Each structure stands twice: as C-alpha cells, then as structure tokens.
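Only one chain comes next, encoded as structure tokens, the form predicted on its own.
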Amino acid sequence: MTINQYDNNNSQSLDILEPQEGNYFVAAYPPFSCWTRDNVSQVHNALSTPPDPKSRAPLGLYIHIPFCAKRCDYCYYLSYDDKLKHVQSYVDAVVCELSIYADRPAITGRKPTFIYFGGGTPSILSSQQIQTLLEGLKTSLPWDDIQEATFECAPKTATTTKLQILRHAGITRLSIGAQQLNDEVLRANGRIHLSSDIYRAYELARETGFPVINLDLIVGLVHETDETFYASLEQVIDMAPDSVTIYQLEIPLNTPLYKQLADDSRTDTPNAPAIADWNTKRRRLMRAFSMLEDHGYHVCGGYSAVRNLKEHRFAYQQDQYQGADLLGLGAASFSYLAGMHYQNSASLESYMECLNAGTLPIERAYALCKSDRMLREFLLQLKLGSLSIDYFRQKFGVEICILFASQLKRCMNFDWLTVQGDTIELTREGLLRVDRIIPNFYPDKFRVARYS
C-alpha cells in the first residue's frame, strides 16, 4: 500500500492494511527483485575501470558468515545450522574472494575505511578461524585507514580469547545480539542464549576494552508483552551500552516463523502465538526511544540510539547512505560499486565452487543511472531521520523539494515529516514507519516490485 492510495489524512489507515507477514524493511533501491543475471557483465566492466580520483568514494567491506548453531525462528538471512564442517573452507574462500578483488583496477591500491562482519553468527568461528580470516583480509586490503570495524557477536559464543583476538586485530565496535533480556521470550523465538549469557558476553566485552559496544534488540517478538519488553529495556539501560539498536519484527516468507504461522492457518485448531501488529510494535518502540532519551541517549535513525553522536557515528550505515562503495564478501552478500548493485550466489556450494575456480561468485546485478543513484541516497538518508536539501543540490543538481513535492506534501499532511530551511526531518511518528514511507517515492515501475 502507498500513501497516495488514500484520500484522507488518517495515518492509522495505513497500519490496518499493512500485511502481517512479508518483507517490511527497505535495504536497497531499486528492490532486489529487479537485479538480474543479465547485468553481471556490467559489474565486471566496472571492476576493470579505475575510479575517478576526483570523485572516489569511501570503500567499505561487508563479510557474511552464514553459519549458526541454530537458526532463529524469525531469521531471514542466509544461514546454515547443518553445515558447520564447511566453516574452515568457507573462511579460505572469503579470503580468496578479496584477493581477487584486490587485483581489479577499481579496487587496487584502495584501503577500506569501514568493515562489518555479519551473519549468521560471525562469532561461531573458532579463535583460530577468526585470526585466519582477519589476517587474510588484511593481506589483500590493509586496515591502515579503518575508522570503524564492527563484528557481530552471539552471546553464547563469546569467549575471552575470541574477544581479545578481535580487539587486537582492530575491531572497534562489538554488536551483541541480545534481542531481549527475558528468558521466556528468548526461548519462544528459538534463541539458544539466555539473559545470563548476555550479561556474561557484555562484561567480557567491557573487560576487553572495545570502544563501542552495541546491543541489538527486537520489538514484537513471540510471547512479548508491554511488560516484558519495557522491563527488558530497563535492564539494557542499566547495562549502559554505548549504542542500542531496536528493530521491529518482520516476518519474511523464508522464515521458520512464517512457515509456522502458515501451517497453523491451515489447521482446525490453531495454536500459533499471537504476533504484535504494527501499531503495537511502533507504540512500544516510541516509548523505548523516550526511555533511552531520558537516560542520555540520542535517537539517530529509525532503529538506533547512541550515547555520543560523534564517537558512535556508525560509519557502516551513514557512509553507505551517502554513496560509499561496499564490497560484499561471502555467500549471498550484497555490494555497491561505481553505481552498480550486485549480489553473490546465495548457494554455499556454488559460492565456494566459484572461488575454488578463481572466479567471482556474482549472481545478479543492477546498474543505477544518475537519477537512480540520487533517489537511492535520498531514500536511505530518510532512515537517518533528517537530510540536507543542499546536499542533493550540490551532488546531483536537483531540487528534491520540487522533484518530490507531492510525496512530501502528503507525508507532511500525515505529520510524518517537516521541511524547514535546508532540512527535511522526519517526526517521531514518521521515523517509526520510515520503511513504509520510502516506497511512496519509488517510480511507478518499482512500486509493485517484490523486495527479494
């Protein structure tokens, strides 16, 4: 559904018609389903072309580790809990992949400024595998210019040795996947850790001396209530992490939770748990942001709050939103380079076969024209809560308030954003539903496109 399909100013009408299941969050523009194998040759052309020194963008790396001890019920990322025997071979393949990139003219001589290790569960790697991975990556692209390096850590897999290796290697931001501090809720959602594991991992991280420790939370989990969610958040606030991210639960079609709900709907005796609707999730997140602000945090986007806006910038997100290049390494990972979106093979076997043969495992791509690149940055920067009108005037030569006049007016009528001076700023109500607002700025050809 889009804003333009409604003639009234009742913002709640959107929530009533929002689907309970399916993709919600906008991670890329244009949508992933528009990327095709036919465009892969253009990626190789881009890799063969040195970047323009006058407009060279920052370079970041994303490394996907698709292994877990157990897949969570709500997880939609590529992850395997039955292929752990392939972990060492996979680590070797990722190192090989970056070495191939390092020889391409578009990458040769460049140094990354931000790195993100995601999953899956990156911390499921052994201490030796972590060391092998980090040292191998540095051999191809030195970390001399790194401003931020994030590593996702599952509470139960945290050990003193692993964390010390990460910190010594230059990891500056440890992101602990807590989700909530309520054992009943954790068990109901397929998490293998309990609250005690979260506290233990957090204390180890503090003792190890990471400059930034982030706690990842989810609002709207199975069996969650107002009481359990707010009590959990109070415990998080007492821990005083440097950064807190809170995502609203979405239920894409490839998750175990969706299958459970779908199977249950076909029975005469449904027993699936009730899932919070979008209004409930937004209401809880609204109060959560207020609670964090009351304790000195600053809300800095649709999903996060930080203690220090300068020290906890989260470059992985902000630099991408301003056009940085990103090399995605690993199975199913996404990249953005020289105006090209592309994705690696989503099959572990296919990914590793390509690297064993010395070829890049690129499966689909999309070449963005200048207007696509402008719109991509505009949409992603909305997620930060505010953006500069002059930024787009200077970089792309467009007046976004004229270009998007009708969409902006409708959002203003909903009290979702304001336009004042050089700034477009989302209200708190707008920020809570930014991923529902974004598609209203799509060209017609993308409004009905599947996300994936």
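Owing to the predicted nature of the structure, the values given are computational and were not obtained by experimental measurement. One rule holds for the numbers: they count along the sequence shown, beginning at 1.
Missing here is the form predicted in complex with a small molecule; even so, the following discussion is about that form.
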Contact between Glu250 and the small molecule in the model of the complex at 4.5 Å, heavy atoms?
yes
If we define contact as a non-hydrogen atom of the residue within 4.5 angstroms of the partner, is Arg191 a contact of the small molecule in the model of the complex?
yes
Taking the shortest heavy atom distance, is Gly302 within 4.5 Å of the small molecule in the model of the complex?
no
Is there any non-hydrogen atom of Cys153 lying within 4.5 Å of the small molecule in the model of the complex?
yes
Looking at heavy atoms inside 4.5 Å, which stretch does the small molecule contact in the model of the complex, given the options 118-126, 357-365, 105-113, 378-386?
118-126
Please pick, from Leu217, Ala93, Leu326, Leu186, the one residue with any non-hydrogen atom lying within 4.5 angstroms of the small molecule in the model of the complex.
Leu217
As a check of understanding, the residue in Gln320, Gln179, Asn182, Gln343 with any heavy atom within 4.5 Å of the small molecule in the model of the complex should be identified as Gln179
